[in-house]
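To begin, one chain is listed below as structure tokens, in the form predicted alone.
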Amino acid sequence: MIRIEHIYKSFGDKRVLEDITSTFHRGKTNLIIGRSGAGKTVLLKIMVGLLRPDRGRIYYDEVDFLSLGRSALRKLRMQIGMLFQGGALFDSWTVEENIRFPLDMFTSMTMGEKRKRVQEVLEKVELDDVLHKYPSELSGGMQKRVAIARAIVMNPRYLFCDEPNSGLDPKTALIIDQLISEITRKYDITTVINTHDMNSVMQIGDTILLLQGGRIAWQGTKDEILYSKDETILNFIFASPFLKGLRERALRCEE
């Protein structure tokens, strides 16, 4: 579980985040949504320590993240996996080298142990026979799976995903969503996803935090969205005809 309390962040005279308080639950896919400029990326960067808030607290379970010393912070960061937008794989490295990178950086495992671990996570993301391929030889969906494998190779307790469906076709995006959701549940990870994909919200959004102008406009579950009368969340989520139809069918079933 990750808990953030009264987070504020400004850049110069511009207030980007104002009084953000929320809880991200273990074993759940916790989504942060909002239009461009709403503060999603800044909040994600604050939560992983790439930016420091002007005010507020962050707790990883009961650990006060912002007060940790260098050694304790390094130890906690070894429990954090990060799936970057676009995958962020090293083009000149093989799949094995890309996935092995965190193990090379943060562990004293033998090469045999590292290779065994790489194979284990590749099996988790259902990839075979790609160890010695380069990212350019893989499809976009396969690259994203490799990036997921790298993000979980250290057995993280916390997983952050920045726009995991960016650049993917709808079918592949659904597969990636389901994969992240399955991994989250199976390994009891606290997963936080920054996304623009409203299909992801309604497919895998256990909890949803909607930011608007740097403030919390709404938070709840995907089931609560279907029956909500809050115009802010309804106008944001159900802009597409498909999702609008999904809500209308759900409401008719209740009648």
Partner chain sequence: MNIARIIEHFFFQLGQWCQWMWMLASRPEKWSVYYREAIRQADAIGIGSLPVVFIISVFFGAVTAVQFSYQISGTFVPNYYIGYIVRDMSIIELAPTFTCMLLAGKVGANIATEIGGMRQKEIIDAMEVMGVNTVAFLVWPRLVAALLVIPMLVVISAGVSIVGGFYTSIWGNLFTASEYILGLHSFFEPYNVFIMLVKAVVFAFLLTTISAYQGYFVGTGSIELGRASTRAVVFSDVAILIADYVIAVIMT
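Residue numbers count along the first chain shown, from 1. Basically, rigid core = biggest C-alpha set you can superpose within 1.5 Å across the two forms. All values derive from a computational prediction rather than experimental measurement.
What follows is about the form predicted together with its partner chain, which we do not show.
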Subject >> Within 4.5 Å of its partner chain in the predicted complex, all of Arg185, His196 and Trp218 (non-hydrogen atom) >> reply: no
**OP:** Report whether the minimum heavy atom distance between Glu137 and its partner chain in the predicted complex is within 4.5 Å.
**Re:** no
Original post:
Are any of the heavy atoms in Thr107 no more than 4.5 Å from a heavy atom of its partner chain in the predicted complex?
Top reply: yes
**OP:** Look up in the predicted complex whether Glu97 has a non-hydrogen atom within 4.5 angstroms of its partner chain, and give yes or no.
**Re:** yes
Subject >> Arg117: touches its partner chain in the predicted complex, heavy atom cutoff 4.5 angstroms >> reply: no
Original post:
So which stretch, 224-232, 66-74, 208-216, 31-39, is the one near its partner chain in the predicted complex (non-hydrogen atoms, 4.5 Å)?
Top reply: 66-74
Original post:
Since exactly one of Leu168, Leu174, Leu127, Met82 fits, which has a heavy atom within 4.5 Å of its partner chain in the predicted complex?
Top reply: Met82
**OP:** Taking 4.5 Å between heavy atoms as the contact cutoff, choose which of Leu122, Leu89, Met142, Leu179 touches its partner chain in the predicted complex.
**Re:** Leu89
Subject >> Any residue of 45-75 that, in the predicted complex, places a heavy atom within 4.5 Å of its partner chain >> reply: Lys45, Val48, Leu50, Arg70, Arg74
Subject >> Gln79 C-alpha relocation of at least 2 Å between the shown form and the other one, rigid core basis >> reply: no
Subject >> Core fit, then Pro135 C-alpha moves 2 Å or more between the shown form and the other one >> reply: yes
